[in-house]
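Okay, so here's just one chain, in structure tokens, the form predicted on its own.
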């Protein structure tokens, strides 16, 4: 079956299929506000026929040094040598249906997000992956992402182990 990767909005004919996929992957609450797009998010989907079999959601954000006593409890935006603020795209959700894995869809979605990040003027793409997502680890490492093991704070105060992945984006001169 032919497949294509498209950037979607809630006006796209495949939006409901994306919502169905997000619900099946238990990610709809991270990616949408009650089925509506969250502000400043970009949605990509692998569409096979009328079905969405994979997706990736990103948001553009400033790169911040986290608040601490050292910074008088204020987040500090990072800037380039010319004083311009640095930004990144952060991957909020990413999944491919288990029966469609190992077909190149995950890599294609990541590559499409990297292109979007460059178009948005971002210097990097960053994502988080919990320790149980070993398939994602292999994909990101094969694509040249840097790896930073870390604990991720969950609502309620608990933390889970995993990895931040970061890929530098070279801007066209």
Ligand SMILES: CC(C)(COP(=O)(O)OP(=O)(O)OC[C@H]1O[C@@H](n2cnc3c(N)ncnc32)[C@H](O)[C@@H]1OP(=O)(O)O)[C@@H](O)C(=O)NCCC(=O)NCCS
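This one's a predicted model, so the numbers in the text were calculated from it and none came from an experiment. Positions refer to the first chain, counted from 1.
Below, we refer to the form predicted together with the ligand, which is not included among the displayed structures.
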| query | finding |
| --- | --- |
| The ligand contact in the predicted complex: residue 105, any heavy atom under 4.5 Å | yes |
| Residue contact check: residue 142 to the ligand in the predicted complex, 4.5 Å heavy atom | yes |
| Touches the ligand in the predicted complex: residue 136 (any heavy atom, 4.5 Å) | yes |
| Residue 48: touches the ligand in the predicted complex, heavy atom cutoff 4.5 angstroms | no |
| Partner-contacting position among 27, 63, 114, 123 - heavy atom within 4.5 Å of the ligand in the predicted complex | 27 |
| Candidate stretches 35-43, 115-123, 128-136, 65-73, one within 4.5 Å of the ligand in the predicted complex by heavy atom | 128-136 |
